[in-house]
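Given as structure tokens, the chain that follows is alone and in the form predicted alone.
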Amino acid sequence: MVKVPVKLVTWDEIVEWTRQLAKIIKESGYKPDVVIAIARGGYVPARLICDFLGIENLLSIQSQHWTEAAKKAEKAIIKFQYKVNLEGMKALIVDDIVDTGESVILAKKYIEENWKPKELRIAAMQWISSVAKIKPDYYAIEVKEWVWFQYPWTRLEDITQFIKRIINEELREKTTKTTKEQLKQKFREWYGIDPPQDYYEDALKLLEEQGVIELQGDQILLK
């Protein structure tokens, strides 16, 4: 039984989904003057939306809830608060996904109160309708059962955290060492996917640098 269902997303899918999202926004008749990316996941989708809709103005705000892949912090926070004047302008918040929705809700509230746009709407590639506390104005895909979308821009970060979670929550209780192949098998069992080999090797090196493991050829010592 997979503990954390994961969808490994490709760059081609990102382009396809954002193109579809831009088409939905355009057909609605909404013409934003400025796009606001929710950092960090919204950067790439927001830039593509700007391209597909012909929008030059792009801002960002860091509203953060997930502090570790597939594990969330207790509450969303706005990091690096600042103010801009969007009075008289139509704005569009763009994020990669609306899962719990708390990051988007907080960003929307902050922007409305401090940046004061004329109108503000929300767009995301995916909306997990079964758990989200808010429905975006625009979305390309409705996801009815929770899954962790593993996007290309967090590939190494997520895989590193996924491996670390396996080590801390299962392996450490049972053993002091494993092999690369055995750990990879555990990865498949936990997440239902094979980690891309180059990212897998890079993740192991990062974990060694962090003092979590020690690599000895194909052997992995847990520290």
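Everything numeric here is computed off the predicted structure, so don't read it as measured data. Throughout, we count residues from 1 along the sequence that is shown.
Separately, the form predicted in complex with ligand ADP exists; it is not shown, and the next lines address it.
Flag Tyr110 as yes or no: does it have a non-hydrogen atom within 4.5 angstroms of any non-hydrogen atom of ligand ADP in the predicted complex? Taking the distances in the predicted complex, the answer for Tyr110 is no, it never comes within 4.5 Å of ligand ADP.
Any chance Trp115 has a heavy atom within 4.5 Å of ligand ADP in the predicted complex? Close contact is absent here: in the predicted complex, Trp115 is far from ligand ADP, nothing within 4.5 Å, heavy atoms only.
Is there a non-hydrogen atom of Tyr151 within 4.5 angstroms of a non-hydrogen atom of ligand ADP in the predicted complex? Because a heavy atom of Tyr151 falls inside 4.5 Å of ligand ADP in the predicted complex, the answer is yes.
How about Ile128 - does it come within 4.5 Å of ligand ADP in the predicted complex, if we only consider non-hydrogen atoms? Looking in the predicted complex, residue contacts with ligand ADP include Ile128, since a heavy atom lies within 4.5 Å.
Under the 4.5 Å heavy atom criterion, name the residues of 34 to 50 that approach ligand ADP in the predicted complex, in sequence order. The stretch 34 to 50, when checked against ligand ADP in the predicted complex, contributes only Gly41 at the 4.5 Å heavy-atom cut-off.
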